[in-house]
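Given next, in structure tokens, is a single chain: the form predicted on its own.
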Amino acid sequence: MAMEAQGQGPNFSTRGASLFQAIRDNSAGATPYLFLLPCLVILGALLGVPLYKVVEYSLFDNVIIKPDPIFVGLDNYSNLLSDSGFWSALLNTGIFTIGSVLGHLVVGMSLAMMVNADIHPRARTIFRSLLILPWIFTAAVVALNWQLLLNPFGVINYWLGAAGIINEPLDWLGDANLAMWSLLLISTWRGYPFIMVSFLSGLQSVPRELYEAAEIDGANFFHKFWHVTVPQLKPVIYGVVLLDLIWTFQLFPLVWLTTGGGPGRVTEVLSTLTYRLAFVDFQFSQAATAAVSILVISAAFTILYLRNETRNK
């Protein structure tokens, strides 16, 4: 019996060591996630709790104002969808988003190709530094400066009047026919640097042999752009446009600080409508419902963006 026990001792030790090694190997794969766990818990709490509360508020009758809000289910969503102000804001959001993204795309691509040209390295650095400046300023600074520029007695009206283009000063941000165009101009100026930098990095990865081959075939600038540059930058264009759509669709500070959704709410977008419902009209449940609508549409764009990034890997 003693010999049998002695013979089983090493066997038990070997099994124990093997089991410990297996546990250690399995835990080694989970080690990175354990280090990330505190950060994930904090981010989950900071993002998940407010998101849950917004969805919860949208299902009750005016929370915060009433001490005992009544559960109304989807009535707030029904009221929102029957509100002409919501559809007007949604239309303005679509116009503002599509117009801004197209402006960012055209200006950003044009400037990226310009600074990617074969010029003196020092001049190229200076141009890149100057053209990226709008990205550095905060929305408050951008809004204040453009309000001064577009003021009826501002510099832009002075220049246009001196050039004989206009006969009297225009209220660019106060005229219902000009406010959205002025807002699109400001948004394009503020947002093009991101597109420019993204396209510039993509242009630098395009092989120059493709342009040389196109030149041998007699291609001009536009042929090279359409048949060489655009196909090579197609993944970049798709990803950047989707990302810009997500950002611009829920843009609030620039719109609120320049026009406040006016005049007459002709520049009212979903983000400013949500703010107005909550902190001007104190209809917090309707504001939460509008916020959920923004979340749903933004989530759709986000899913498209993530699918594009996964496909390109």
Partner chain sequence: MSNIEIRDLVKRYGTVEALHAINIKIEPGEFAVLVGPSGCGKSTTLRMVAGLETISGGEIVIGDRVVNGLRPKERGIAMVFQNYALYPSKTVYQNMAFSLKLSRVPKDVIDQKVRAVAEILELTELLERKPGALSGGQRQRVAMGRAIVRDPKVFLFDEPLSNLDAKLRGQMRVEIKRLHQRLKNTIIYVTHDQVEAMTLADRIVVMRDGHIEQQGTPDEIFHDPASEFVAGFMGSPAMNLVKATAGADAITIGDTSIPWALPASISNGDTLTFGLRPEDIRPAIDASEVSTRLTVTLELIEQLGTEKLIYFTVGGHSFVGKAEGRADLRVGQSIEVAFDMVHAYGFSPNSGARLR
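As the structure is a computational prediction, the values presented were derived from the model and not from experiment. Positions refer to the first chain, counted from 1.
One more form of this protein should be noted, the form predicted in complex with the partner chain, which is absent from this view; the next part is about it.
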Counting non-hydrogen atoms within 4.5 angstroms of the partner chain in the model of the complex, say which of Glu215, Asp75, Asp171, Asp83 makes the cut. Glu215
Quick one: which of 119-127, 160-168, 141-149, 207-215 gets within 4.5 Å of the partner chain in the model of the complex, going by heavy atoms? 207-215
Taking heavy atoms only, is Ala219 within 4.5 angstroms of the partner chain in the model of the complex? yes
How about Val106: is it within 4.5 Å of the partner chain in the model of the complex, going by heavy atoms? no
Any chance Pro235 has a heavy atom within 4.5 Å of the partner chain in the model of the complex? no
With a 4.5 Å heavy atom cut-off, would you call Leu102 a contact of the partner chain in the model of the complex? no
When the partner chain is considered in the model of the complex, the residues of 227-256 having a heavy atom within 4.5 Å of it are His227, Val228, Pro231, Gln232
